[in-house]
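Just the one chain here, laid out as structure tokens, in the form predicted alone.
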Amino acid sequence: MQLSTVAKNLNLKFYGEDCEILSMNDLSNAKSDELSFALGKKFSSSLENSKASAFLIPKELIDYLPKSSSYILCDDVSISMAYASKLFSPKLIDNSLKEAQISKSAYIDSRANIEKGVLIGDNSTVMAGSYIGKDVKIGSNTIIHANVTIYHGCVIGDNCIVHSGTVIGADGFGFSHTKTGEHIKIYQNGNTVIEDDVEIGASCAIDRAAFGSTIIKKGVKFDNFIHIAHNCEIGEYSLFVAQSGVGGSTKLGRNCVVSGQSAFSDHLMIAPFNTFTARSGITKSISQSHKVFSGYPLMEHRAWRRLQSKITKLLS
């Protein structure tokens, strides 16, 4: 839609040339036909270098705009961004799409529901009760067990296994908050990408991204009851044991081992080849590799063991 239409829907004014906007994205990843947003001065450098054609910004960031940019001035950018995200949310059902293209060698149970625009590769299986949303792509030799839900636009690679009850591509938990306490939904307009050779256990939830993709990289193995929040990236060949969770936009390097009931806070960067023992609480980024961590507050495993020994002696 035109930028002027976006501004009208937000009851705000736009400045600069009117332009056609195809979607929204964050400052770093926005393209020339996208609308982006900057919440405050800490985003000024990202704003200056952004390729977006138009922006939602507060008054104090006007001087940091790229040359010849168009923009909408906002009193509260977070709230305006939330309302704008709804304008670009896709239809959940689109009957104008082509019928699903399913390989002749694939097996689709008659009790599965396949929407339009879906692509399913050679020798893949979709079992009873599963729902495959519009525009989903499933590679070859992949097994979707009974009662799996894959939301619209998600991508599943080759040689994957998704066990029963798992939901891929549900909305991430994203809201903007008004000064009077209301919660305004940020529509999650990205998707979830599962790369090749991934196995996902039963009753897992892997949320779609607000913008861009939540990515589970090649060779990752999930136990049952794993939650991955929006815009996360899980590195190649990582292992997750039951009831573990990762907060939004956190990125793990390859070959991380996450033991049961461990939890990561949001917006962290975790170096590759690290191990987290059961019930670890990770609240800060980790730059070192080949370490074993335990506990909350998190510490190296040897230090944690010494601490537990001292606590035991105090109580005896």
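Every value quoted in this text rests on a predicted model; they were computed, and no experiment measured them. Residue positions are given as counts along the sequence shown, with the first one as 1.
Although it is not shown, the form predicted in complex with another copy of the chain is what the next lines describe.
Distance criterion of 4.5 Å from any heavy atom to another copy of the chain in the model of the complex singles out 149 from the list 213, 149, 78, 140. Another copy of the chain in the model of the complex comes within 4.5 Å of a heavy atom belonging to residue 304. Among residues of the shown chain, residue 105 is not one whose heavy atoms approach another copy of the chain to within 4.5 Å in the model of the complex. Interface residue remark: residue 98 is not counted as part of the site for another copy of the chain in the model of the complex, having no heavy atom within 4.5 Å. The shortest heavy atom separation between residue 171 and another copy of the chain in the model of the complex is within 4.5 Å. Highlighted residues 1, 21 and 61: none comes within 4.5 Å of another copy of the chain in the model of the complex, counting any heavy atom. Annotation for 246-264: interface residues with another copy of the chain in the model of the complex are 254, 255, 261, 262, 263 [heavy atom within 4.5 Å].
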